[in-house]
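The chain below stands alone and is given in structure tokens; this is the form predicted on its own.
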């Protein structure tokens, strides 16, 4: 577990490695603050962050949940590298990696109950557990769909959006919803922040889809059009398949179904088809719609007279702006 989290190297010696974006626990803490932080910031100096203790166990729980799914994803997808290091299964074998992922899921659930030791009421803690359990089931459904899509070319855009809504966006929604539940009992606030999490989760995946095709090597640190080389069934290819003319459709089907690796000239063919189907513009517009939905949800969050809440809402808008940049 420590290796996967970036704390030790393959010899289990301490190291400074990439722990990932930590986006989900950050979102949970921001939603907690935006919801009012249970009134614990009233009259405090803003430099005193002790009020965060109430939400930290849940933040740890969602990050461990995310990482257990990554360990299993790496096995299911056959990925040999994550965060610029060998994946766990390539070092210790599939059985140990499966077991470690299972163990991390157990640890994620166990960590959540730490909220009880930090002032969270029992009924709220039970609801937090139910939200997390529901989300893990949704993620498994999303992964089932993702795996089932791998050898198919009859996947519609709507099917793909349903898949990423479960696989990617569900845990973002869960993070925001749990943070809000720890911060307030106000149902409107909780629902608005959960809606924000869902919208930003879909937008975050579509941003990745855009960058996976059109980001330069310098921007992404990866191969230009890497998702095309990998024949990844992301939003661009699915949109193009739905809107290509008959000749272009046959070209896309032939390239994506061939046994041989895709060559550079074939990638250029695919990119040209994307241009004819206005696929990039569609993906940018789709991304913008979900960013707008995220802004709308934030603007509808009931006002809390707190500098911490105001700052948190500003930070969440900054997150949207970061994602939104890919739409331009």
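Given the structure is predicted, the values throughout are model-derived calculations rather than measurements. Positions refer to the first chain, counted from 1.
This next part talks about the form predicted together with a small molecule, which is not shown.
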| query | Since the chain is shown here on its own, which stretch among 172-180, 71-79, 111-119, 251-259 would lie within 4.5 Å of the small molecule in the predicted bound form, judged by heavy atoms? | reply | 71-79
| task | Report the residue, out of 143, 99, 90, 223, that has at least one non-hydrogen atom within 4.5 angstroms of the small molecule in the predicted bound form. | result | 143
| note | The one option of 167, 207, 239, 233 with any heavy atom within 4.5 Å of the small molecule in the predicted bound form is 167
| said: Residue-level question: is residue 139 within 4.5 Å of the small molecule in the predicted bound form, judged on heavy atoms? | reply: yes
